[in-house]
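One chain comes next, on its own, written out as structure tokens in the form predicted on its own.
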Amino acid sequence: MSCKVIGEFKSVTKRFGATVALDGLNLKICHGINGLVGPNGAGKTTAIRLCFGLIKPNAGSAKLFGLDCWRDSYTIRSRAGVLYEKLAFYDNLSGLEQLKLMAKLKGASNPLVELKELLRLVELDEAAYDRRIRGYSAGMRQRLGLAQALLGNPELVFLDEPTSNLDPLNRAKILELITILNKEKGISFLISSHILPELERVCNNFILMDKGKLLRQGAIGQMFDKDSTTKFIVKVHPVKPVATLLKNEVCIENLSIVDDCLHVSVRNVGLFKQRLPLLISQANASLDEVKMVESDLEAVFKLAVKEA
């Protein structure tokens, strides 16, 4: 995997009594937007807590920015931010008062004008600055939590289920904001989420975990095995000439026509995506839609779990 590494776990093990939360975990956090994927109990939240030095590993090495996550936790916290899934605020404070308090506790020298700019950045309505947090909606609380995670101009922000409990519109806005912050501010993110299609939209590096172990990591294309198969539905007109050409492609495992649509099992997704437009053009056909039966990330994760 080729990337600028800003964090790395080497053979990290963490036990809670008889429970092994992390089992010889090896992973790399890259500059950019990282997606942390795994079922409940995979060890994702434990890994995030370990990054901040909130818990100490039983074995192995965990580093961020080249610093030891346990010994140098104070310095790491000054350079990183976090938004936990279960948000906790002082509900009797206003949004602005909450940020003032957290900035002071973090030792971040954010004057009032910068705090207001931070709230504008996360698109929290100005009318909410002086409103008590207990009157905030779920979307407003999420935005305030993101603003709090951005205090002190962090280099890396950890987001634990950042779009949970949000409606589709607010989920899309939060994801768009994450992308903007990465492109315009150069902030890297590690996002832990169960909503895989959302991660697929914004992340350029993925870390797949299960039972405290790494399954795979890298970009989507890097994690696909050439021998694995993924199913596509292709709506194209006319359908038969395209089907004839596709049957001769080495990346095609199986092909059938159902209700004037091509149902295709593909061995090499990258090659298929590269060849399909060329074949459609060669057949003088027009493409209406290409739909994966399951997302790329879902397909990779299922395959990785099956192999493990």
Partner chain sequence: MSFQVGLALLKAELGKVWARPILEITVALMSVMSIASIKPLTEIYGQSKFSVAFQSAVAESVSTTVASLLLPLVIMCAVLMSLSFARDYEQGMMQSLLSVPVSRKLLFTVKFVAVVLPLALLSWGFTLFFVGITFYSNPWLVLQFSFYALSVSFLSLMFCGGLGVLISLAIKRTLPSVLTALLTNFFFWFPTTINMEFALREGASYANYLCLTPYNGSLTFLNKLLNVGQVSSFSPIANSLQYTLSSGSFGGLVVFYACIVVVPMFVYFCRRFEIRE
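All values reported here derive from a predicted model rather than from experimental measurement. Positions refer to the first chain, counted from 1.
There is also a form predicted in complex with the partner chain; it is not shown, and the following applies to it.
Note on the partner interface in the predicted complex: the residue among 219, 195, 128, 87 having a heavy atom within 4.5 angstroms of the partner chain is 87. Listed residues 263, 31, 275, 49 were compared with the partner chain in the predicted complex; 49 is the one with a heavy atom within 4.5 Å. Contact check at 4.5 Å (heavy atoms) against the partner chain in the predicted complex: all three of 78, 82 and 101 pass. Proximity of residue 38 to the partner chain in the predicted complex falls outside the 4.5 Å heavy atom cutoff. Using a 4.5 angstroms threshold between heavy atoms, residue 113 stays clear of the partner chain in the predicted complex. Residue 106 belongs to the set of residues with a heavy atom inside 4.5 Å of the partner chain in the predicted complex. Residue 65 falls outside the set of residues with a heavy atom inside 4.5 Å of the partner chain in the predicted complex.
Just one listed stretch, out of 88 to 96, 233 to 241, 184 to 192, 207 to 215, contacts the partner chain in the predicted complex at the 4.5 Å heavy atom level, and that stretch is 88 to 96. Interface residues of 38 to 74, taken as those with a heavy atom within 4.5 Å of the partner chain in the predicted complex (partner not displayed): 49, 52, 53, 54, 55, 56, 70, 74, in sequence order.
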